[in-house]
Ligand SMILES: Cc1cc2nc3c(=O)[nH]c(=O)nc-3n(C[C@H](O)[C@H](O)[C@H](O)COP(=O)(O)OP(=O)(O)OC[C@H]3O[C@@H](n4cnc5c(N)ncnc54)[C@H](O)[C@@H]3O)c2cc1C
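Presented below, as structure tokens, is a lone chain in the form predicted alone.
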Amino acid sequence: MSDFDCVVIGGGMVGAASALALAEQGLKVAVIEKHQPDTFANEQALDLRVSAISLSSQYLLEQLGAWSQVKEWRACPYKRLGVWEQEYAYTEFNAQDIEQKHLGHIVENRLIQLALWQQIAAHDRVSLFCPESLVNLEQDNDKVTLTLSQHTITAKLVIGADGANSQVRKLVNIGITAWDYQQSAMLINVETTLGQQDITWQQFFPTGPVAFLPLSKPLSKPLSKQSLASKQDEHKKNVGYASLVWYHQRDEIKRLSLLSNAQLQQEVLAHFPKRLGEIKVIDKAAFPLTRRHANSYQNNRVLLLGDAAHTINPMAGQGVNLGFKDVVALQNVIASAIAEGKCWHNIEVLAHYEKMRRKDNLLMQSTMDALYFSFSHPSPLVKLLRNISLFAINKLPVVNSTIKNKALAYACGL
């Protein structure tokens, strides 16, 4: 039987980051993951699952040694964020307003995970068990015993970073508060004729918003002479890439999902704002919108991080950023305990993690819900008020320099 200081269940972005962050504190860490992510090649098509990585999340990935690899692969910076319902109320947030070079990067989730796994493989304090899965766990006064499909191990601390349907959460009987938005979101990867852009934007409709996220262009394999001419033609067109997000009622998203790429392309052009320009659909997928919040982030020596603790409406792209904030908070709690000579795995010490994170996560969840429901409200008066509010945020200097910039800095994690 192997003994570890910490065992992380789930080797996704948040789980892998937490493992590295705690190993940097001198802890012996194990990561349990069922599936290994696909390796990267320059010519691969863009993944559908992407995240808007905030500045604070970038700083964490830099600290863990993963960010340079992510940027070497594919990461698309954006400097501006546009939001509107009616054109007269268009509001734009700019990195210059908060004295930053950019607001964040749009990155494929798998590439973040892969870059973190590279660091895990090189770290002598982290052991990766993959493919492996959790069967059961039992807690006693000083340790947790984990029964895996192929091993039995013990730990002073267990981190559940195994996603929205967390098995860890279920095994330790932590309930959730949840509701269904009765909507789905469709992810659509496209080529655009407008080339690489530095803006992500979102327009609101009563049926739900539509959004644009710029993506980095995939690199090509070494070209044969035969294919060189066609590739040169493509570069002359200055083709760009983007991820489109389309929120709508579930039946409508189901209908759209059944269309061919060519048919979906026509639907996109008919319903998205004209600023999108001409596009070609490359790939698509859909998922339902739900919100979950664990009733507690802790059961004795078991802590929940990321989606295992909270999921959020994805329209602002804050999900993984909240998870990375969880990682930073736990890292700080344990580092402070070690520095002060306290027992870092004491249950009362670990409780500080939830105190640091619960209010912030709840605030972001509630803010996204308020925006979501206010923009879907059918009342003409409500519609007028929300557009006047956006107009004021963008046009009035006092509002612009206070509320707008503070909201932008908070979204960036600054």
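Residue numbers here begin at 1 and follow the sequence given. Predicted model, so just to flag it, every value in this text is computed and none were measured.
Quick note: we don't show the form predicted in complex with the ligand, though the next part is all about it.
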Heavy atom contact within 4.5 Å of the ligand in the model of the complex, the stretch among 33-41, 361-369, 344-352, 63-71 = 33-41
Checked Thr145, Thr193, Asn109, Ser257 for heavy atoms within 4.5 Å of the ligand in the model of the complex; positive is Asn109
Residue (of Pro273, Gly163, Gly82, Pro218) lying close to the ligand in the model of the complex, criterion heavy atoms within 4.5 Å | Gly163
Is Val50 close enough to the ligand in the model of the complex to count, meaning some heavy atom within 4.5 Å?
-> yes
Does any heavy atom of Leu187 come within 4.5 Å of a heavy atom of the ligand in the model of the complex?
-> yes
Using 4.5 Å between non-hydrogen atoms, is Pro77 touching the ligand in the model of the complex?
-> no
4.5 Å heavy atom contact, Leu134 to the ligand in the model of the complex | yes
Listed by sequence position, which residues of 2-33 have a non-hydrogen atom within 4.5 angstroms of the ligand in the model of the complex?
-> Ile9, Gly10, Gly11, Gly12, Met13, Val14, Gly15, Ile32, Glu33
